[in-house]
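The chain below stands alone, shown as structure tokens; this is the form predicted alone.
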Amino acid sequence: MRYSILLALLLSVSSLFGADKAANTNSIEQTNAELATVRAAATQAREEAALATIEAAKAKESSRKAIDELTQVKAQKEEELASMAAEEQLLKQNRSMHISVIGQGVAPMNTASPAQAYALAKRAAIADAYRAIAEKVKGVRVDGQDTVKNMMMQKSTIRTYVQAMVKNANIVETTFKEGLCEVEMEIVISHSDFAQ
């Protein structure tokens, strides 16, 4: 009887170990599956991080190039402003600016005499010289208009305008040769003249 109780006890203990072994096997398989899923997710996260790093490097490079271009443009603008400020400063210090231009005029073909041809050509050259001085002092307004039809240029119009008061301009030299009159004109301008 002792042996039968001992045998029954051994059988029940061995059955318990068998059930634990099957449970452990299922648990190990489930853990291995979860571990594989975590490894796959980690690999995918690493790949995404690598792509994000590459994109960030590209974005950083493009922003660096943009910053460099902006820095160059800013330096050019500052140089232009410094140049303009130097010119303005020159005029503010009660100094004067000397402007010299050459105007040209052509004698018309149907004149009564060579003297009339000379006078008309000289008048045209003086008007051209005044225009050139006004352009240098006040600048030129340019209006342009293009007309396109059927993807072809039909008409292109450009108009320039100059509006300025030119005072105290002096004619330095006048030459007349073969119907062309050239007038060299100069003006000395101060800041108060320029501001008007």
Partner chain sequence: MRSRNGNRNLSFRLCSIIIFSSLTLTASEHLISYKYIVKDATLYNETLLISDAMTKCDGKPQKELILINNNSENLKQLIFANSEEFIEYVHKLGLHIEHKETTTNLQNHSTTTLTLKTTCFKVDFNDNFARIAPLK
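Since this is a predicted model, take the numbers as computed values, not measurements. Numbering follows the first chain given and starts at 1.
One more form of this protein, predicted in complex with the partner chain, exists but is not displayed; see below.
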Worksheet item: For residue 150, is any heavy atom within 4.5 Å of the partner chain in the predicted complex, or not?
Response: no
Practice prompt. Give a yes/no on whether residue 108 approaches the partner chain to within 4.5 Å in the predicted complex, heavy atoms considered.
Written response: yes
Fill in: 4.5 Å heavy atom contact, residue 134 to the partner chain in the predicted complex
yes
Item to complete: May I ask you to check whether residue 127 falls inside a 4.5 Å heavy atom distance of the partner chain in the predicted complex?
Response: yes
Item to complete: Note which of 26, 37, 53, 160 lies within 4.5 Å of the partner chain in the predicted complex, where distance is taken over heavy atoms; exactly one does.
Response: 160
Discussion item. Can you tell me which of 54-62, 28-36, 41-49, 166-174 lies within 4.5 Å of the partner chain in the predicted complex, counting heavy atoms only?
Written reply: 166-174
Worksheet item: Looking at the partner chain in the predicted complex, which residues in 111-125 have at least one heavy atom within 4.5 Å of it?
Response: 120, 123, 124
